[in-house]
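As structure tokens, the next two blocks hold two forms of the same chain, structure 1 and structure 2.
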Structure 1
Amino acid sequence: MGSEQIVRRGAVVAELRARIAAIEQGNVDRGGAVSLGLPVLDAALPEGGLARGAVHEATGAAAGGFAAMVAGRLEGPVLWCVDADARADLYGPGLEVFGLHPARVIVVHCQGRTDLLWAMEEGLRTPVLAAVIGEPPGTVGLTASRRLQLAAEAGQVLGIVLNPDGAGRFTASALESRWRVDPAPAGDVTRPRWKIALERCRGGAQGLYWMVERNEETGDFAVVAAPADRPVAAAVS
């Protein structure tokens, strides 16, 4: 790593620390796992919710909404790492729909995959953060996923890798769980639906899916009466 890159990364870390300190409100609650707000989904996970101090993967067209929903159930700053060449700024009102106020989100625009994964690792080692969400280009393989997982364990921060197109589905990974979240047809436009599949989970159930519906007025999710309890083929990890 060149001296200029070291200096630039040092400046990024210093800026992030300052921004985190500016928006932090109290201590982040580290008790237990993070509930998804749906008992039937929580029951499928070994800790009764998404494990903290671990990194999870979300794929599918609604993966970003799922990540925002999870982060919205936490308290404290959220670090969201994006590839500067891959997407525009996050849409604040869209985040707020899922309970994640834009004022809590620190967006880091990274130049390429290497810098993005580095930023995620640094964030995951920072205990004051509630969550770290990242959108790395390409597949996160075994080595990169192990590094992320170790960083999350060190900081006891929840991480989510966004992989909307599902690339690398059959690639070995050290991530804690893998979800696929896609929009589903809804009978009522005010109650949009997602099909949520738990494709793999370390030490827990996998190959399950649920159809869930969101009440636009209250923001609550509910499992709907759909063929959602039938298992689907589990992804190879």
Structure 2
Amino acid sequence: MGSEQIVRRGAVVAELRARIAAIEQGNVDRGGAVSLGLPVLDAALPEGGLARGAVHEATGAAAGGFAAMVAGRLEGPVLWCVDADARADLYGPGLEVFGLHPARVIVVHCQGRTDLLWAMEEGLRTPVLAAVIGEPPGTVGLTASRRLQLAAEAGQVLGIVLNPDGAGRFTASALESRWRVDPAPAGDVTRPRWKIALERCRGGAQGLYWMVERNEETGDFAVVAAPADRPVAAAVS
């Protein structure tokens, strides 16, 4: 009798969890998900991949590479909004390493935050685009992130907000997920390693990280360390 009750309670909890997940994800059609090319990473995401029609945030020093990698897995033109005042510029030949063909990329040099966020929003509302990537100077507040998310839902375009300094990590955000991609010491210069951490994900797991190695000759990614189901902070060596 006692064990039966426990089983029933388990079923109720599972059902409630599913309902909460459905509420959290809303009723918006996300137009499918983009596989990250690594089954372990995809498995951690509620839709088996990075949700299209949503905006994700990437922090860490390798955030740009991560975004290029995601965009490279999609088909179609990519809008990349950069700050005109930044000291470094996006370099076409460097995109190829991540499987993103430079000819697919439209680069917009925006003057200031307002224009950049506006350009991203315009891009996200344009369904012919595959992805919109942008690096707004400063942090993206709750209102701005909500606007971006709504634009992405309207246009069914995948958006990635880059935040390499990791600033604003704890500000409220309406974005779908937050990733932290940092370079990690590798054994070979041509096999750079990333530590990819999923810090937050709506309706999915969080606090996971993976060590990923990239083979620059083939363009393949491979997980070299098993995910640790514990907070990222505790996992830092």
Partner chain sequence: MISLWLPRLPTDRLRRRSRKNGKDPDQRPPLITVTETGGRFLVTALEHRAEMASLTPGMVLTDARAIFPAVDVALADPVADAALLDRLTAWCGRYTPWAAAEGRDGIFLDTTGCDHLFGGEAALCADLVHRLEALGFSARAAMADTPGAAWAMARFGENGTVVPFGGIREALARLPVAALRLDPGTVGGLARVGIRVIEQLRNMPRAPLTARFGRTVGERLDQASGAVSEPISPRKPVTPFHARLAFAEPIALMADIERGLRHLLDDLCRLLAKAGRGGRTLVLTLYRVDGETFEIQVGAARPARDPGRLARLFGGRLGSFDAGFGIEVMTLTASVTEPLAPTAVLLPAATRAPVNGGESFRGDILAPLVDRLGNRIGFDRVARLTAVASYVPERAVRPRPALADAMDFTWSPDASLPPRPLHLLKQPERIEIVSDTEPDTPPIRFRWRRTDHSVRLAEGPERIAPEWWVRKAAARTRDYWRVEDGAGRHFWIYRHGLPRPDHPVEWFLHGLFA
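Along the sequence of structure 1, residues get numbers from 1 upward. Rigid core here is just the name for the largest C-alpha set that superposes within 1.5 Å across the two forms. Note that this is a predicted model, so its numbers are computed, not measured.
Visitor: Mind telling me which structure is the form predicted in complex with the partner chain?
Guide: Here the form predicted in complex with the partner chain corresponds to structure 2.
Visitor: Once the core is aligned, please say if the CA of residue 43 is shifted by at least 2 angstroms between structures 1 and 2.
Guide: No, the C-alpha moves less than 2 Å.
Visitor: Please report, in Å, how much the Cα atom of residue 189 moves between structures 1 and 2 when the rigid core is superposed.
Guide: Comparing the two forms, residue 189 shifts 2.5 Å at C-alpha.
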